[in-house]
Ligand SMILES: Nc1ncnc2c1ncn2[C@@H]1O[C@H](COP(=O)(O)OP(=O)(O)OP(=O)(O)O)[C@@H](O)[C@H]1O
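Only one chain is included here, represented as structure tokens and corresponding to the form predicted alone.
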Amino acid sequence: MPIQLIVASPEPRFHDFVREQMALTPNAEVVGQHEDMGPNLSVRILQDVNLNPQSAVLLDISADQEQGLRALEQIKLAFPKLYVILSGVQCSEEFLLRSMRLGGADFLQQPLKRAEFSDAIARVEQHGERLHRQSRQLGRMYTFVGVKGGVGTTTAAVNFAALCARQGKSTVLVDLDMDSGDAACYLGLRHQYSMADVAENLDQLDQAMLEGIMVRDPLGFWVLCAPEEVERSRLIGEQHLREIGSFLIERFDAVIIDGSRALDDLLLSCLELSESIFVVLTQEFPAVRNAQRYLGALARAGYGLEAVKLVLNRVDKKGSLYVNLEQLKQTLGAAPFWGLPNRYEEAMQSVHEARPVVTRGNTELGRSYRDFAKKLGMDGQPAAVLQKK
């Protein structure tokens, strides 16, 4: 896909650098340039975007950060899906969170460096590909990542997959925890094959082979399990994950990733394909601290609040030993997208019974998961959808 960039900076050298680098990038061009950073900058940028709707924006805010953030806010209000890269002389965690909250997708430290600029343009291209896939009405990928072990990432992914299946959506749950994948265990499923078998047979993979490798839950959704052998899991690389993810979203309505692992290249390769990234945390101090680091890393990788959503598990509004909700919002720069009640026994009972909690009657935790799905656009009733072949 072509890469189009609108550049705004008061510095001629900034424009020169960008033009030179874009000239070295295949199928890339600068479609708009602005040196006047006055109060009507956002209007002029929006005029360019109207003429080039597939473009991204590179906005130099080094001269006046607050004016730059105001321009960012105005641009994103008009075009919420527009990819905006900010550039300045500082990159603190607090600033990244502010810019992300206003819709900034990426940040380039000044002075600009060739390698970092090239990486940013690659992320622009990936963003365009994601929008293109969505416009073709392919399946949607939802990735659940945990800021630390034990915060309930697998439980959330399993229950979300169950809700998608009950909606009539063709659904697959992918266990990305290569060290101790628990998704199949949570569902009482036994498996002979795993993602390693998919990676080894990508050249000849088809729907029939894939279904022979996966296992199926009684609710109707499929599970692609993590390898049992640690040695085989080490042979799976990020390119494998990109190809597997692309294969799945072409054939399933909903692809759910249980990303109970570090924010490494494997997980990032799934985030590139994901419509929504759910960062699961609790109110424990280590979890909130890790969440702050995760959000900063995701912001640097080009993911803003449009894609990243905080899911607070085991919400405790009165506990004095935890970070309260107001402190959490101040620390992370955003309120949780959803909060799940502290019903640990209900969650553990569902694990012991090897069934998702959303299938266990009218429990409070089950209701909360269903309301979470409704907020994402699911109405809670089975939907009549065309199954992908």
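Since this is a predicted model, take the numbers as computed values, not measurements. For every residue, the number given is its place in the sequence shown, counted from 1.
FYI, the form predicted in complex with the named molecule isn't displayed, but the following is about it.
Of the candidate stretches 345-353, 322-330, 27-35, 43-51, only 345-353 has residues whose heavy atoms lie within 4.5 Å of the named molecule in the model of the complex.
In the model of the complex, the named molecule stays beyond 4.5 Å of every heavy atom belonging to R130. The named molecule in the model of the complex comes within 4.5 Å of a heavy atom belonging to G152. For the chain shown alone, D182 is a contact residue for the named molecule in the model of the complex, at least one non-hydrogen atom being within 4.5 angstroms. The named molecule in the model of the complex is approached by R314, whose closest heavy atom lies within 4.5 angstroms of it.
Note on contacts: among D197, D217, D177, E272, the single residue with a heavy atom within 4.5 Å of the named molecule in the model of the complex is D177. Though the named molecule is absent from this view, in the model of the complex it lies within 4.5 Å of a heavy atom of just one residue from W222, F252, Y186, Y294, which is Y186. Interface residues of 240-265, taken as those with a heavy atom within 4.5 Å of the named molecule in the model of the complex (partner not displayed), are limited to S260.
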